[in-house]
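Just one chain is shown here, as structure tokens, and it is the form predicted alone.
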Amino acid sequence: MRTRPVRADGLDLFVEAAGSPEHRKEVERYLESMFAAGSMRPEWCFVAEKEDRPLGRVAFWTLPGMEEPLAVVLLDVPWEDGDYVGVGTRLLGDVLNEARGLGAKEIEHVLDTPPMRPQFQHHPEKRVELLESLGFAFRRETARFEWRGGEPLAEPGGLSFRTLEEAGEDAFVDAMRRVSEGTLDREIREEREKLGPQRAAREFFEDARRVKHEPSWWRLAYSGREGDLVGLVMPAEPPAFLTVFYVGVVPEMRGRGYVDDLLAAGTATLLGARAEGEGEKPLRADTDVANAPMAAAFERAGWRRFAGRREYVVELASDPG
């Protein structure tokens, strides 16, 4: 068995490992959208094969414009009737070495319940077994929300807003630092502890700006025309959907219902963007399951939970030996 990148002229082989014809069409559409967005590349698609027969496949994913991979997606090996541990260990082991060579410090993989298109992640227990055998550790679990239509909450009348362009990057990053204080989001909390509040906020801002958005979508909210900072809302448009990328209230303003106002504003922005665009992209967002207040706010704002997601991550040492 060997693992190799398929590159642009061999994508049919990669897609062939997707199983049913319906799955193959979904994977083809997903690859096209990710290639166009700059989140995936043909040479980042790998197959495990024996005697020219594909046994498994996996691909790298990253934020648009980044040179190193952040995650592996489209993972499939012979889950039902083959040596999924043997094939998966060899495939992922080889691919993680490739990621290390590209400068990645860690690689993430997410599992959705129930299985979602285009990943079709059936056999979750076997997937977790494989991930853990290669050193992946559970990082956090999120609830996934989707806007199902209806009338959004009225946009707030008691707040004033300044866009990213009006406020400037430094003010926006500082607001992100303040909003993240005392967060219930495990990933953001760990980044604050590891990097320090200011650096964590700056890196989060730089990652967020790689996701498609209009600067006018990102807004700081104040309690009045010359009032105090309340919080922020950052809508964005990844390739497959529209999302509230980040929303939060500064600690001293929490408990006053401002998160409802911010979500109403963010939802209205996304619905307006969808109305002006082509197609009917879904509106989706994730929140850490530990952040019960935020989950409740999404529910109040008309969003409905449709899935759960578990995030796993493996740290990549500079030298695998």
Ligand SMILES: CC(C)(COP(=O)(O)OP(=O)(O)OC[C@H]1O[C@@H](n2cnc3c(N)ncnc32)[C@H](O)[C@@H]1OP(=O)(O)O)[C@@H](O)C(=O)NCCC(=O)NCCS
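The model shown is predicted, which means the values in this text are computed figures rather than measured ones. All residue numbers refer to positions in the sequence shown, first residue = 1.
Just so you know, the form predicted in complex with this ligand exists too; it's not on screen, but the next bit is about it.
Residue 258 is the only one of 30, 46, 61, 258 with a heavy atom lying within 4.5 Å of this ligand in the predicted complex. Note on the partner interface in the predicted complex: the residue among 184, 134, 116, 102 having a heavy atom within 4.5 angstroms of this ligand is 184. Interface membership of residue 235, defined by any non-hydrogen atom within 4.5 Å of this ligand in the predicted complex, is ruled out. The shortest heavy atom separation between residue 300 and this ligand in the predicted complex is within 4.5 Å.
Contact between residue 269 and this ligand in the predicted complex is not found at the 4.5 Å heavy atom cutoff.
Under a 4.5 angstroms non-hydrogen atom cutoff, this ligand in the predicted complex has residue 179 among its neighbouring residues.
Looking at 66-74, 35-43, 288-296, 51-59, the stretch with residues near this ligand in the predicted complex, meaning non-hydrogen atoms within 4.5 angstroms, turns out to be 288-296.
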